[in-house]
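One chain comes next, on its own, written out as structure tokens in the form predicted on its own.
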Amino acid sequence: MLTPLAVLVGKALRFVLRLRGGGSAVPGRIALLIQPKFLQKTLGRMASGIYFVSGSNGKSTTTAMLVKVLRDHGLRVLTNPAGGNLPQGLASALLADVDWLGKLSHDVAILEVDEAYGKLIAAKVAPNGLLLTNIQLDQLNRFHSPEEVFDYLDELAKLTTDLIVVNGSDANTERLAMGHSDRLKTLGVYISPKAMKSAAHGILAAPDFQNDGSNLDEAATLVDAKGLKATVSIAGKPFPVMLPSPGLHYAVDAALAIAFAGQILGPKFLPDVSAKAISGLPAVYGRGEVIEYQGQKLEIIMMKNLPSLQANLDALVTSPKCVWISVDEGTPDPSWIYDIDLGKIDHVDVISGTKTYQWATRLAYEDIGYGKLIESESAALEYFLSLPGAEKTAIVNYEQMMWLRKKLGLLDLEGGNG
């Protein structure tokens, strides 16, 4: 009886909270309080398995690509919306899909999970397979070192039952997979030297702190990446893929998603269907997403950490014409911005948020001119939209991105951690 009660209360809360605008993790948190086994009760019936996607960066994009590929192959796929990757966010997402008895009608679950919390979800519902995007440097307030992230993901891999696919060109995820090769099917997705050179800073992997030089069996290779075009090879057969947004990081995510889909689908996997699925996918929020608002095109670039911002800046073809930077206390330690190569930014029109003056100092240090300093985000947005030009770029942290999307009328995200 606890599961139906959790569903009833959770669905009611979800409905009320979405009326006020946006998603929330509160319904999921309450559902878990009522029924601590809510995840097990709802997710434990997947005919084609449960698969997790994790890593420092690229989780949301890779998950969205993988889900689209599987759906275009005819599978009914359950997934959590981007950002809802903690237990309470996942539970909130499930409330949208379960019936009143807590039952689901899907074939397979593809779930983005946070690096630190993935093992907690896996302890409740063990994944059949795990896809790891990378291990990169993160903010000090979140993870002190890449080794810490490695340990979290290694614990998650220990709870995985059948398969692990990793970014084989990231020495740390490759080594992690090798450590489980005696128990799991372990595969790597590799990036050719030509593709690697397409981005000024490569794949921005964390330092290789322990690797014996071993290679995994190859699931796929990213042969080439240029702008919106990529070439992926599986079993020696290359095929073209059009990306939702330009950049090596998007191409790597696509190769990972396609390779993992191939393992899930087996002989039913179709390369042309996979390529078409990814080409028709919109950009994931904050990753080159372009929002049309009041006749203007606003591109949102999210600065989660150093590698994520650098990858997005590397993907810019030209310097943005009109730029707004807005960062708040969601980035408590902004010291890492001094390690960013800002070569693609030649000016900033307005800076806002509680980190206004830290960013102004960073730009001055680089001799990059900036316009107004307006700590109020609402006032800064109003000023930014009043500037001439129909194409604008906003560089924001996760919290400011969520606020901005709400302000622009986009209320489609569940609560969670980015």
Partner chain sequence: MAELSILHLYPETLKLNGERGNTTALKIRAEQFGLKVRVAQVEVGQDLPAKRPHIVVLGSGTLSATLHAATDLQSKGDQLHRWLVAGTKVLAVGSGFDLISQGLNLANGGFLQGLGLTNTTHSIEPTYLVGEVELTNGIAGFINSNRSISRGSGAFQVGVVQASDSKELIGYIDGYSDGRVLASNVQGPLLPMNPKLADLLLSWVYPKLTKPTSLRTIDCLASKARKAISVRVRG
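Just so we're clear, the structure is a prediction, and the values are computed from it rather than from any experiment. Residue numbers count along the first chain shown, from 1.
Same protein, other form: the form predicted together with the partner chain, not shown, and the subject of what follows.
Note on contacts: among Gly129, Pro307, Gly102, Pro146, the single residue with a heavy atom within 4.5 Å of the partner chain in the predicted complex is Pro146. In terms of contact with the partner chain in the predicted complex, the residue from Pro238, Pro332, Gly74, Gly280 that brings a heavy atom within 4.5 Å is Pro332. Although the partner is absent here, Ala390 is not a contact residue: none of its heavy atoms lies within 4.5 angstroms of the partner chain in the predicted complex.
In the predicted complex, none of the heavy atoms of Tyr293 sits within 4.5 Å of a heavy atom of the partner chain. Heavy atoms of Tyr370 reach within 4.5 Å of the partner chain in the predicted complex, making it an interface residue.
Contact check for Asn215: every heavy atom lies farther than 4.5 Å from the partner chain in the predicted complex. Heavy atoms within 4.5 Å of the partner chain in the predicted complex are found in one stretch of 349 to 357, 48 to 56, 64 to 72, 381 to 389, which is 349 to 357. Along 128 to 142, these residues reach a heavy atom to within 4.5 Å of the partner chain in the predicted complex: Leu137, Leu140, Asn141.
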